[in-house]
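Before any questions on how it binds or moves, here is one chain, the form predicted on its own, in C-alpha cells.
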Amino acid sequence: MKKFTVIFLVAAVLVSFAFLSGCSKDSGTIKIGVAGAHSGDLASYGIPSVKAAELVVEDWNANGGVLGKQIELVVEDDVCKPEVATNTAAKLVGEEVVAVIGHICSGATKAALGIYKDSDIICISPSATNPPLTQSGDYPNFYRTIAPDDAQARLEVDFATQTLGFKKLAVLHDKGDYGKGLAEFAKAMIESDGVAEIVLYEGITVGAVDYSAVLNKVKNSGAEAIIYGGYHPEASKLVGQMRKKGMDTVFISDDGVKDDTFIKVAGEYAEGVYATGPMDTSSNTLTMAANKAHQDKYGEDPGAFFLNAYAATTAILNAIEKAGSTDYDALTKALQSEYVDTTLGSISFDNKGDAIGVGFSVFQVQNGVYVEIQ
C-alpha cells in the first residue's frame, strides 16, 4: 500500500511539473532578434532597422501579438564586422529567438548565417545584397527584402553606358564581400556588353585618410565615370578628394552610399553623385503610415533600409501567423507561398530567399537630397 502511494505521489508530481512547465512556455513571449550595426561608422544603416522592428512589434502587440503571445525584440550589435557577428548570432541563439531581422552588412550576415542554420532559425535581412547569400544554396534559412547585387550592378552599368553614354569606366571597390562582390559583377557585365572599356579596376584600403594615389590613376586613365562598390565613409572621402583635385569624373555607387549620412559627411561634394537604392515606395499607403509613425515616435524621418526592415518584420510575423507555429519548416513554407502587403508593396520570397516584388532605382543628389531619377 505504501509503495503504491509513493508511486502515485511521484507520478502526480511529475504530471504537475509537466503541466506547469507547459503553462510557463505557453505564457512566454515570442522572441525576434534584430542584428546589425548599432554603433560605429555604419550605425546609420543598422539603427533604422531597430526602429522599424520596434514600430511593427508595437503595432502587433497592441492588437494581441501573434499566436496569442506578445512579441519581444532582442537587439544585438555586430558593428557590421564578421568577427563580431558570430558572437552576436550565438547570443541570439542563446536567447531562443525564433527569427532574426538582419544582419545589415553582407560580410557580417555571411559570418552569422551558419550559426542560425544549425539552430533552424530564419534570418531576413533588409540590406545584405551579396548574391551568393541566396544563390549559393548554402543558406536555406536566409531571406532578404532587397534585390541582390547582380540586379544592382546591372542597373548601374546600364545607367552609365546607355543612359549617360560613357565609354570609359573605372571600377573601384572596398575589398569587402559587399563592395568587391558588386564591383566584380559590374566588371563582368561591362566586359560582356562590350560597349564600354574598363580603364581601371582596383580595390581601395578602408579607413585610409588619403586616396590621392588611386584618384591619380583614375585621372590618368581617362575614365569618364567611377562605379564604386562599398559604403559611405570611403565614398565621401573619394568624392571630396576628387572634387578638391578639380576632377569632374562622375561618381556612381550603390545602396551602401545611398544614405543621408553620405550627404552630411561629403557636404557640397555630394551634389550630383548617383547611387542605386531600393525603389521609392513613398506613395504606398503602408509606407506613408510607417514613415508617419517613425516621425511621431522618434521626431525625425527614417534612415536607410527602414522600409526594408519594416517589411522584413512584417513578413516574418505574418509567416508565423499564417503557419500557426514558429516551427522552421512551417515558416519556410509560409514565407515562400504567402504574399504579404508591406511598405515595399505586396511581396513574397522565392525558394532561394530573394524577395519577389522588389527592385532598385537610380537616385541622384540634387540640392542636398537623393532624388529618384530612374
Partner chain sequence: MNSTYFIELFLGGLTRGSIYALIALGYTMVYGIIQLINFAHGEIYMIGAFTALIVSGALAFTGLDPVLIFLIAAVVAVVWSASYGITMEKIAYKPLRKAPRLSALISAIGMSMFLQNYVLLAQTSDFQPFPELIPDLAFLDPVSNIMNTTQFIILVTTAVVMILFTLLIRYTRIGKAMRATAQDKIMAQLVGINVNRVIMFTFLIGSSTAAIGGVLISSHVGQINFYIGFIAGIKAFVAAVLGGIGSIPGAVLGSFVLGLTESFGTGYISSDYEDVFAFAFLIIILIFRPSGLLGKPTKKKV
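Computed from a predicted structure; not experimentally measured. Think of the rigid core as the biggest set of C-alphas that the two forms share within 1.5 Å after superposition. Residue numbers count along the first chain shown, from 1.
Below, we turn to the form predicted together with the partner chain, even though it does not appear here.
J.: So in the predicted complex, does Val199 come within 4.5 Å of the partner chain, heavy atom to heavy atom?
T.: Output for Val199 is no: heavy atoms all beyond 4.5 Å of the partner chain.
J.: According to a 4.5 angstroms non-hydrogen atom cut-off, is Lys264 in contact with the partner chain in the predicted complex?
T.: Close contact exists here: in the predicted complex, Lys264 approaches the partner chain to within 4.5 Å, heavy atoms only.
J.: Would Asn220 count as a contact of the partner chain in the predicted complex, using a 4.5 angstroms cut-off between non-hydrogen atoms?
T.: Within the cut-off, so yes.
J.: Is there a heavy atom of Gly207 lying 4.5 Å or less from a heavy atom of the partner chain in the predicted complex?
T.: Contact with the partner chain, yes.
J.: Based on heavy atom distances of at most 4.5 Å to the partner chain in the predicted complex, which listed stretch, 146-154, 282-290, 171-179, 222-230, is the contact stretch?
T.: That would be 171-179.
J.: Can you pick out, from Ser236, Thr161, Thr249, Thr134, the residue that has a heavy atom within 4.5 Å of the partner chain in the predicted complex?
T.: Here the answer is residue option Ser236.
J.: Find the only residue in Tyr269, Phe185, Phe166, Tyr139 having a heavy atom within 4.5 Å of the partner chain in the predicted complex.
T.: Residue within 4.5 Å of the partner: Tyr269.
J.: For this chain shown on its own, do Thr29, Lys31 and Leu67 all sit within 4.5 Å of the partner chain in the predicted complex, going by heavy atoms?
T.: No, the candidate spot makes no contact with the partner chain.
J.: Residue by residue through 239-254, which ones have a non-hydrogen atom no more than 4.5 angstroms from the partner chain in the predicted complex?
T.: Sequence-ordered list: Gln241, Lys244, Lys245.
J.: Rigid core fitted, is the C-alpha displacement of Phe142 between the shown form and the other one 2 Å or more?
T.: No, shifts by less than 2 Å.
J.: Quick one: core overlaid, is Asp210 moving 2 Å or more at the Cα between the shown form and the other one?
T.: Comparing the forms between the shown form and the other one, which are aligned on their rigid core, Asp210 does shift its C-alpha by 2 Å or more.
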